[in-house]
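Read the single chain below, which is given as C-alpha cells and is the form predicted alone.
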C-alpha cells in the first residue's frame, strides 16, 4: 500500500494535526499526489464536528514546502494557455477549502517555504514561523517566468499591503515598508516576515507545534505592531487610487530597469496585485485576472526557457556516473595570489574551509591577502557577516611563500600564469611536499588538462576547475576531465565548488572548454565590427538589447585584454584561421593595453569609470564610419556564438545542449530568457540559422561557414531540443 503524503491525527485538545511528508523525498513538493491527499484530510476534518482547529506542518526537518512540482508545471507548459488557466483554478479551489474551514487553521512553518507552499500558507487563518536558520518564505515564481497562480498574487498584497508586496525598501518609504518579493522572487527570513506581517509570530523551533496548537484554539497572536506612521502610509498606498498609482509607477520603473522589459511575469504580477487591492469586494475578478495571467505566462517561450534552465541547474549538481569523491577535501591550497587566486581563497574560506594561499613574492602575497580581507570587509559592510565572523574567516586563510606549508592540503588549486611549463613545475614541486593522494585542480582557462597530467604522480587526480572573474560574483565553475581524470576526482572538485555556492558543469578536455570556446568568436567579431567602422556604442547597445548584461567591448575590458588575447591565441593555434585575432586586438596587446584593471583598454577609464573609446584605439581604426542595421550586428555576433556552440556540442566534450546552454548563461550572462545559444537557435529555426550563416560566410568571412552539425540538422529539419 502506498504511504500517504499527507496524514492527519487528532490531538487531545481537539486540534487536527495535518502533516505534509512526501515519501522518498528530501523535500515536500505540492504535487498532484500531495494535493489529492490534502483534500482528503481537509474534507474529513470539515465534516467532523469534534475538530476545534487545525495545524498544518511539515514532517521534514528543514523544509515546509519547496514549492509546486516543476515537472508537473512543465507538463502543463507543453499544453495550452487554457490548460494552465484551468490548473490555476484547481489550485485556488483547494486553497479556498482551507480558508473556508469552520475552525481556525494555523500553518506552522519550519525551514524553507516557497511558491505553492507560501500560497497555501496565505490561505490559512494564521501563520507562525520557527527561527530555524533555514526558514525562508517567498514566491519565486517570477524567476521561472510565470506568476503565483494559486491565489498568492491576490492574497499577499491584501495581507501585507501593496507597497511591501511589490516594492523593495526605498528612500521615500518609511522604514518598515518594503520587501518586493512578489516581483523579485526574494525570500523573507522569520524576522522580516514578522515585521511586514507575512507571519503572525516567530518562535523557537522546539515550541512551534505547541504554540500553533494554542493559536488554533484561541486565535490570540503576538503580531508585530507597526508604528502609526507606517500604518498610515501603507493604508494610503494600498487603499487609495492615488496611492496605488504611485506604487504602480515606482514598481514598474524598478522592474523595467532590472529586466529591460525582457521578462513579462513581474509586470503581470504587479497588475494583478494592484487589481487585488483596488476593489477588495471583487475577489472573484482578482482571481480571474490571476488565472488568466498565469495561463499566458506559464506557456510563454520565456517561461519554458527559464524552467529548462531550472532543470539543467538541478541536474548539474549530480556527479558523473554517481561517483563518490575520491579524496575527502577538508583543507585547500591555492597557488598564485593574484586576482583569481585571492578570489578563490576567499570563497573557500567563506565556505568554511581552511586555506593556504601561496605565492613566490612577498609583495604579491601581501596584495593577495589584502584582496581577501577587502572581500570579507565588504561582506561585513553589507551586513552579510558580522565583523567578528569576517575576521574569523579571514583568519582561516594562511599566506605563505613555502610549499612545505601545503603538506596537509587535500586539494590544491593552481592559479598561476597560463604557461604549461610553469604549471607542470608547480605540480612537481607540490608532489615533493604532499605525500598523500591529493587533488591537483588547475584554474586554467584554455590549456590542456591531459598534457598537464602527463607527468603527474597520480594523473587520475588532475582535474580542471575553471572559475570565472570575479570569483565572488561569477556563479559558474567548469569541471574539466583530462584524458586520465577519474570520476572520483571530478566529484571531489564538484563537491568543493557546490559548497562555494557555484553552479557546475562537466566537460571534456578541449581548447577553451565550453565558455571561452564559444565566447571568443563573439568577442573577436565585435572587435572586427569596430575595426570596420561600426560605432562602439551601436555594437554595445545591440547586444544589450539582445539581453546581454553588457556589450562585448566592455566585456573585453572587464575580462582583461591580455587574458582575452591569450585565449584567442590558444584557440587560433588549435582551430586555425577562422579564429585568427583581428589586427586591432593584436595592436592593443602590443601596446600592453589590458583593459579596466590597467586603466585603459578599448575604452579609456577615469577613476575606474568608462569615459569613451580610448583615443589610442580610435586612432588605429582607419575604416570610414559605417552604419549597420541592428539586426545585422546582432546576427554577426549572436550567430558567431551559435555556430561555435554547435561545434562544441559536435565535438562531444559536453553531454547535451542543456548543459552547454547552462554554462553560457551562468558563465557569460547569456540572456536566460533566450534560454542559451542553442535554445535561441531553435527559436529562430535551424534552417534559418543555416541560411544566415551561409550568407554571412560570403560577406563577413569563412569563420561563419556553418559547421557540419548545423548543416545536417537543417537538412533533416531537426532542433537541438526535441521538446
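No experiment lies behind these values; they were computed from the predicted model shown. Residue numbers count along the first chain shown, from 1.
The next section is about a form of this same protein that is not shown, the form predicted together with a small molecule.
Would you check, heavy atoms only and a 4.5 Å threshold, whether residue 563 touches the small molecule in the predicted complex?
-> It does: once the small molecule is placed as it appears in the predicted complex, residue 563 has a heavy atom within 4.5 Å of it.
Residue 108, heavy atom within 4.5 angstroms of the small molecule in the predicted complex | No, residue 108 is distant from the partner.
Any chance residue 341 has a heavy atom within 4.5 Å of the small molecule in the predicted complex?
-> Judged by the heavy-atom cut-off of 4.5 Å, residue 341 is in contact with the small molecule in the predicted complex.
Report whether the minimum heavy atom distance between residue 91 and the small molecule in the predicted complex is within 4.5 Å.
-> No.
Answer range among 288-296, 140-148, 359-367, 197-205 for contact with the small molecule, defined in the predicted complex as heavy atoms within 4.5 Å | It is the stretch 359-367.
Does every residue of 448, 462 and 481 put a non-hydrogen atom within 4.5 angstroms of the small molecule in the predicted complex?
-> Answer is no for this spot.
So which of 517, 536, 335, 98 reaches within 4.5 angstroms of the small molecule in the predicted complex, heavy atom to heavy atom?
-> Result of the distance check: 335.
Of 179, 522, 506, 467, the one that lies within 4.5 Å of the small molecule in the predicted complex (heavy atoms) = Here the answer is residue option 467.
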